[in-house]
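A single chain, nothing else alongside it, follows as structure tokens in the form predicted on its own.
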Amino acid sequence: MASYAYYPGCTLYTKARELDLSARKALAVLGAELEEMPAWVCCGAIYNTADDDFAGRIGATRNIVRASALGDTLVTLCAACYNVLKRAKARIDDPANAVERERVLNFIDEPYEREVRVVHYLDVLRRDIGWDAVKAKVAKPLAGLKLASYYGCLMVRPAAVLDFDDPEDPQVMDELVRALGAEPVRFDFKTECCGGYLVVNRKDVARESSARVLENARAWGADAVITTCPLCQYNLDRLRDRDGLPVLYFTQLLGLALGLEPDELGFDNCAVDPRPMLAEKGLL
């Protein structure tokens, strides 16, 4: 069984527990496992672009250094963690930042045993396992289900550093949706902002931003929205006041298609319970 060093991050131990659990269980069905790295620390949640933010580089780089003891690949799920860790890795790899790299690694004072790739769980599905292998493991095709894949800001930008997918029209979740037997709908707002951290001090702005995303998904006939970002899921799911679309983590529907039981997937944590819609589609 293939094994990947895994960074869950803080939110997947609290508000997004269902993202962590469904991802681990689904990957096991596909013949791989996530090995949680020991003694991980918060990545910082936001990548500070200030040139002199030495303290802000330490947490993310410390995780990369500790992951180097486990292998050459570090997998994460949270869009914010992915963004921060990959940008931190790119910064210490840049020859122009050689002095900062040495300073940061000296401060951490732990062995950096090998270079580490930071990848998203979706990269593992697409590049390592492959859609044909995923399709072959589908026990319950999600036929008749129309899904809007919402990537948000942090999965695709900055494009030159993340090199994840087309920053304007990413396709990886749409490809997964097809492999699971569902239909990806056209969705104009797949990389538009949900309001992000403005939910803290400008909830009205976050609510309006999230409402536009949901309204566009509804306009294109989506039965549900899927995402990989805990903050996006919270904003879209909890701030709503005009729309009843379920907002799920993509791993929950991946797990359902692979034959996991619904009570293993955390559907009861959604503000809009997806189970009546799934039952109506004959999927429960």
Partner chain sequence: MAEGKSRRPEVAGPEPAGTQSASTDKPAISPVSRRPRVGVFVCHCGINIAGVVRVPELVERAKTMPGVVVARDYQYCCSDPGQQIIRDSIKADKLDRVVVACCSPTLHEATFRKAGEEAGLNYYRTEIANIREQCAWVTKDRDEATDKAEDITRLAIARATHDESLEPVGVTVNKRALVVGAGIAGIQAALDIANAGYEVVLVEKQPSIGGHMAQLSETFPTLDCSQCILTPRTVETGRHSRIKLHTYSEVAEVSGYIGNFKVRIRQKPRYVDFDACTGCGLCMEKCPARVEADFERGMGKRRAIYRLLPQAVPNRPVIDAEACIYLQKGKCGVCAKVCPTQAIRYDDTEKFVEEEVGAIVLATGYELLDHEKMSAYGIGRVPDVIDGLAFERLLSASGPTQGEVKRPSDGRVPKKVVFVQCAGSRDREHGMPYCSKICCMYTAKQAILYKHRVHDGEATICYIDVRTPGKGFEEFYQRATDEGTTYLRGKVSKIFRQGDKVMVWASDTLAGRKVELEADLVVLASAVVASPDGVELAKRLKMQLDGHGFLTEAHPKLRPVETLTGGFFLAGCGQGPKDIPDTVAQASAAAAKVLAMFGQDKIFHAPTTAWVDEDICVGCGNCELTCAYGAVKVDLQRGVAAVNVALCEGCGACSVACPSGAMSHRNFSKKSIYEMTEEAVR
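In this text, all values refer to a predicted model and were calculated from it rather than measured experimentally. Numbering follows the first chain given and starts at 1.
Not on display, but discussed next: the form predicted in complex with its partner chain.
Candidate site formed by 249, 267 and 273: none of these residues places a non-hydrogen atom within 4.5 angstroms of its partner chain in the predicted complex. The contact with its partner chain in the predicted complex, taken as any heavy atom within 4.5 Å, belongs to 188 out of 188, 113, 128, 100. Here is the short version: of 192, 183, 175, 123, the single residue with a heavy atom within 4.5 Å of its partner chain in the predicted complex is 192. Stretch-level contact check against its partner chain in the predicted complex with heavy atoms at 4.5 Å: of 232-240, 216-224, 54-62, 34-42, the positive one is 216-224. Its partner chain in the predicted complex comes within 4.5 Å of a heavy atom belonging to residue 212. In the predicted complex, no heavy atom of residue 109 sits within 4.5 Å of its partner chain. Although the partner is absent here, residue 132 lies well away from its partner chain in the predicted complex, with no heavy atom inside 4.5 Å.
In the predicted complex, at least one heavy atom of residue 168 sits within 4.5 Å of a heavy atom of its partner chain.
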